[in-house]
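The form predicted alone is given below as one chain in structure tokens.
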Amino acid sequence: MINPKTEIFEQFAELARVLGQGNRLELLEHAAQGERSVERLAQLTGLSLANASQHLQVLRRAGFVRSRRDGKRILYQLGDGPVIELLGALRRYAEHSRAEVRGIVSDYFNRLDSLEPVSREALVKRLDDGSAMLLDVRPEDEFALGHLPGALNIPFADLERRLAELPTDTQIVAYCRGPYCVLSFEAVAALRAKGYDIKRLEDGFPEWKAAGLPTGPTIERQQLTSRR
């Protein structure tokens, strides 16, 4: 007779093996932004179409992503269940136990922004009292799939030419794909160097959504103009 505890642990181990590949973790980060085609996911991760498709099929069989067909395209999005929470736990454990991870965080991410990020709880309060303005620095197609309520979308590549849209009398809170999304770190560093009062959200859109917090409409540009 099979020991039920042993069988459960084997299932745990199989899921861990599925996640034991860096490209799959990156694909999950992008799939967590919203439903994307295989082609777009391959482009975002720098993988060949065949390689991305193979990884996504492995993730789908394990339930980490789900897919549907839209004509000739296959679209993927994050699977049901606490996938974001699982990835967050993996990140926190890696930061605790792996010197290599701590070194990268210290040498690269903290160099760009060493200030304490804004927590989700603090941001909710600040949005309620109007003391913060949200800046989403993800590409437009990701923003269209979902975003924090009231956020202004300025992709990082467009930041320099759209500075006039940013308020100078209100603190800006920037966010992007997740805790290690380089876009928000670089946006904070660039805008802080220009004198803007800006901080970074502690994580990103997927974590906000997974926490059950509201997503919503964008703030009108004329509203921002009147606040500058």
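Just so it is clear, the structure is predicted and the values come from calculations on it, not from any experiment. The first residue of the sequence shown is number 1, and the count goes up from there.
Below: the form predicted in complex with the DNA, not depicted.
Contact annotation: H55 falls within 4.5 Å of the DNA in the predicted complex, judged by heavy atom distances. Using a 4.5 Å cutoff between non-hydrogen atoms, A164 does not count as a contact of the DNA in the predicted complex. With a 4.5 Å cutoff on heavy atoms, Q43 does not count as touching the DNA in the predicted complex; it lies far away.
Shown alone here, T215 lies farther than 4.5 Å from the DNA in the predicted complex, counting heavy atoms only.
Taken together, the three residues N23, E39 and I74 all lie with some non-hydrogen atom within 4.5 angstroms of the DNA in the predicted complex. Contact with the DNA in the predicted complex, judged as any non-hydrogen atom within 4.5 angstroms, is confined among 167-175, 181-189, 64-72, 194-202 to 64-72. In sequence order, S48, L49, A50, N51, S53, Q54, H55, Q57, R60 are the residues of 47-62 having a heavy atom within 4.5 Å of the DNA in the predicted complex; the partner itself is omitted from this view.
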